[in-house]
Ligand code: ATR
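First comes one chain, alone, set out as structure tokens in the form predicted alone.
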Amino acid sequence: MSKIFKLGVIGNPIEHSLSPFIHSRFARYENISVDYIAYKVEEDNFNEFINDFFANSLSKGLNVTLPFKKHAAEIPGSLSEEAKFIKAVNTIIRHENRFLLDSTDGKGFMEDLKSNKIDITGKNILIYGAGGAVESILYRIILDKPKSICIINRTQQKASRLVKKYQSNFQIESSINIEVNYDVVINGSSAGLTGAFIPPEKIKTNNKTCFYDLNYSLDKTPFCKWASDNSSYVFDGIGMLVNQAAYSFQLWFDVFPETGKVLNDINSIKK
């Protein structure tokens, strides 16, 4: 009888997570037996949960979502260079009785851009939001050498914090340049999911500008609805979600799973 590896995602809230669906599909297509469960955990119980989960010898790893990504970066173990810099972890891997800690969000985002033929090298990028979702992709965006990056946020202090953190790697602006025509507009604020999206005034875009919402939903997000009136190049975070999950799966099982089939499966649900 084949081993059934124990996996999961930890967060709060977690009820609407698509991760169990995605990883169960990955495992099915790769002929690997897994038991992947979404766990809702209170913040005070995070460390206790980690200890209890990995007490099982078949526990292979965990995905981590809000509000625990910063907590996970403090687990004793080996942090990847990326996770160490952004101080956040979305994937825990148990390897030979020690923890490897990584962040696959940025790689998943870039892989989805590639899949959609979006090249950000030498491009002007405008980002809404300055929270954890934005920081999880900013590290990889900078590595791709865009022409400029502007981050705007309702709380200017949060945007300034990111600008200061990355200033030795890249010159980031925190106010819109009305002379710049933005090639890529990324939404990383929760406003793009939880309510009507209110775009800033005086931003220059064109009909080839790409709009990308880091949020995802089985319905069109408010940001995507707004963006659809401005461009035909509009994407939500489903592709990023599937690809960051695929990189996690690769860390656990040393195989990069079939993402196209899983995206098709999710799109069939959306229809």
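The structure displayed is predicted, hence computed values, not measured ones. Numbering starts at 1 and runs along the sequence shown.
Another form exists, predicted together with this ligand; not displayed. Remarks below refer to it.
- Contact with this ligand in the model of the complex, defined as any heavy atom within 4.5 Å, is confined among 155 to 163, 80 to 88, 174 to 182, 109 to 117 to 155 to 163.
- Put simply, Gly132 is close to this ligand in the model of the complex: some heavy atom of it is within 4.5 Å.
- This ligand in the model of the complex comes within 4.5 Å of a heavy atom belonging to Ser190.
- Interface residue remark: Leu218 is not counted as part of the site for this ligand in the model of the complex, having no heavy atom within 4.5 Å.
- Proximity of Leu58 to this ligand in the model of the complex: non-hydrogen atoms within 4.5 Å are absent; the residue sits far from the partner.
- Residues of 63 to 81 that come within 4.5 Å of this ligand in the model of the complex, judged by any heavy atom, reduce to Leu66 alone.
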